[in-house]
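So this first bit is one chain, no partners, the form predicted alone, shown in C-alpha cells.
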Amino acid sequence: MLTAEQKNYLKDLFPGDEAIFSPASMLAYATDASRILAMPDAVVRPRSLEQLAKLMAWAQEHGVPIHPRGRGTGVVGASLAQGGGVVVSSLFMNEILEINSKDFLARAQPGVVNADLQAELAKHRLFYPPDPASAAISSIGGNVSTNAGGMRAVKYGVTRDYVLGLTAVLPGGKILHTGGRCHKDVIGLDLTSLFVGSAGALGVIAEITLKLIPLPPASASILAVYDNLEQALDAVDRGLSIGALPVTLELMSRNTLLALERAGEVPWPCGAQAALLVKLDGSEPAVEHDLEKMHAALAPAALLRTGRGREETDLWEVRRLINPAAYKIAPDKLSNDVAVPRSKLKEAIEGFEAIGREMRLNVLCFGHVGDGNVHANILHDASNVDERRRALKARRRILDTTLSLEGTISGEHGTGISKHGFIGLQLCEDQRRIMADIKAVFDPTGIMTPGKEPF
C-alpha cells in the first residue's frame, strides 16, 4: 500500500493522465488475457526515459514493487501487480523512432503495436517476422519481454532472433544500453538476450533496436483438412521435407475445429477431424514451385484449398479466432503452451486429448506444430468447484506428460502467475539459483515483478 507522500511523488513525476490511482480506472490494468485479477496500488504511464529513471531510483529507495506492462495480451498474468505495487504501462511510449533501409533495422519504443510497425515497414519493403497471434494489439515491448514466438517461427525464428539491442532502466535508476546496430556482434556477454524473455524481472525496457529483412514479394497459404489426426501429423512430416521451409505450419485438432464451427462460418466441411494451415513465401516463381511440392506433400486430404491475397488473409483470420471461440464453449480456460520434439507430437497431442476425456473436460489442441509448439487449452467453468479441481489436475498431468516427452512447459507464453508454481518441474535447483543470482545483479533489492520471476 502506498503512503500519501508516495502517491504525491508519483503525481508530481507523472502529471495529468500519466498516473492513475482510483480503483475503477486501474481495473483495466488489474487483469490481462489470463483473466486473473490483481489490483495495483498505482498505474503510471511514462512518456520519457528521464521519468523512468527517476521512478526506478525512487522505487528501489522505497522498496516499491514494479510491474512492467505492455498491452495486457499475455495469458499467464506476467504483467499483473500480484501483492501490490506500481504497474508501469508503456502505453504512451509508442513511437517508431527510426526505420533504416540500409542498415535493415528499426528503433521503437516499447509501446509500439506489432501490427502498426509491420504496416509502416511494409511501406519501405521491409519485414519484421515475429508474428504472435495477438500481433494486431500486442506491443513490441511485451513481445520482447516474453520472447514472443508466433506462427512464422518455423521459418523465421522468434523475437530474440531480431533484437539487436535495447535500452533498459534498472532498479536504482541506472540506464543500461545493450547491443547496438550491428547484425553481428560477439563482444562481451549477450546482455540483450538476458532481457528478451525475462518478463520484466530485470528492469523496464525503454527502447528496442530490431533487425529487419526484405519483405518477401509473394506468399500463398494452403488449408488441408483430414479425416483423422494421424493423417494430419503424417502430412506435417512430409511438408517439412519438401526442401523449402514453410513460413508457418499450424495444426487444429477436432475439438478446436468444433469450437470454431460453433463460433461462425468456417472454410471446411463440418465434422472434419483435423486441419493444417501452411504458408509459403518468397519470390513469385519460388512460391509457385513450392506450392506444387507442398500440395503433393499434404495429399491425400479431404480438402485442399489454396489462398492468395485477400483469400489468404481470410484463411489465417480463422486461426486467430481460436481464442475467442474457446470462450463460447466454456467461461474459463487454462492455457498451456507446451513444446515437444517434433517426433513426439503425435504422442503428445493424443496424450493431452486422452487426459481431457478422462477428466471429462474439453481440451483444445492446436498450434505451431512446425516447431513442436502445442497449445493445449483446458476449457472449464471455474465457478464449479469440482470442474475447477479437475481442470487443475488435467493441467498438471499435461505438463508431466510434456516433460516425460523431453518437452518444455512453456514454448512462448512464459510462466507469469498462472504457471510459476510449475517451474521447478523443469528447472533444477542449481539452475534456478544461478538465475536468481543473475537477477540480483540487476535488481539487488528484488523490486522487479516479485513472485513472478521466470525461474
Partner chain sequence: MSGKPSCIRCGRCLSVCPLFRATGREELAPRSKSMLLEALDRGYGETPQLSAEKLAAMCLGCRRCLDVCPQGVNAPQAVAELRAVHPDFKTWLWKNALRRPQALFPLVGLAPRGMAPKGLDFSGLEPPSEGPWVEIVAASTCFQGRKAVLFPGCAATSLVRRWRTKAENLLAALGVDLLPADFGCCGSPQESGGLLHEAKASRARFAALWRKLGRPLVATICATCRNGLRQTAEELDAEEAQALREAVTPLSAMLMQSQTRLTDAAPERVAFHKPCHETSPADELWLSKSLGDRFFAPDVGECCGFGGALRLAEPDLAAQVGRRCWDSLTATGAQTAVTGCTACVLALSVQAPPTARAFHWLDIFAQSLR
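This structure is a prediction, so every number in the text was calculated from the model and none was measured. Positions refer to the first chain, counted from 1.
This protein has a second form, the form predicted in complex with the partner chain, left out of what is shown; the following refers to that one.
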Stretch in contact in the predicted complex with the partner chain, which is absent here, among 250-258, 165-173, 68-76, 219-227 (heavy atoms within 4.5 Å): 68-76
From the list Met435, Leu13, Ile20, Ile447, which entry has a heavy atom within 4.5 Å of the partner chain in the predicted complex? Ile20
Within 4.5 Å, heavy atoms only, which of Arg320, Arg308, Arg305, His177 is in contact with the partner chain in the predicted complex? Arg320
Give a yes or no for Thr31: in the predicted complex, does one of its heavy atoms lie within 4.5 Å of a heavy atom belonging to the partner chain? yes
Might Lys293 be said to contact the partner chain in the predicted complex, defining contact as any heavy atom within 4.5 Å? no
Tell me, yes or no, whether Leu91 is in contact with the partner chain in the predicted complex, where a contact means a heavy atom of each within 4.5 Å. yes
How about Arg45: is it within 4.5 Å of the partner chain in the predicted complex, going by heavy atoms? yes
Counting heavy atoms only and using a 4.5 Å cut-off, do Lys123, Pro324 and Ala330 all touch the partner chain in the predicted complex? yes
Within 109-138, which residues have a heavy atom closer than or equal to 4.5 Å from the partner chain in the predicted complex? Lys123, Ala136, Ile137
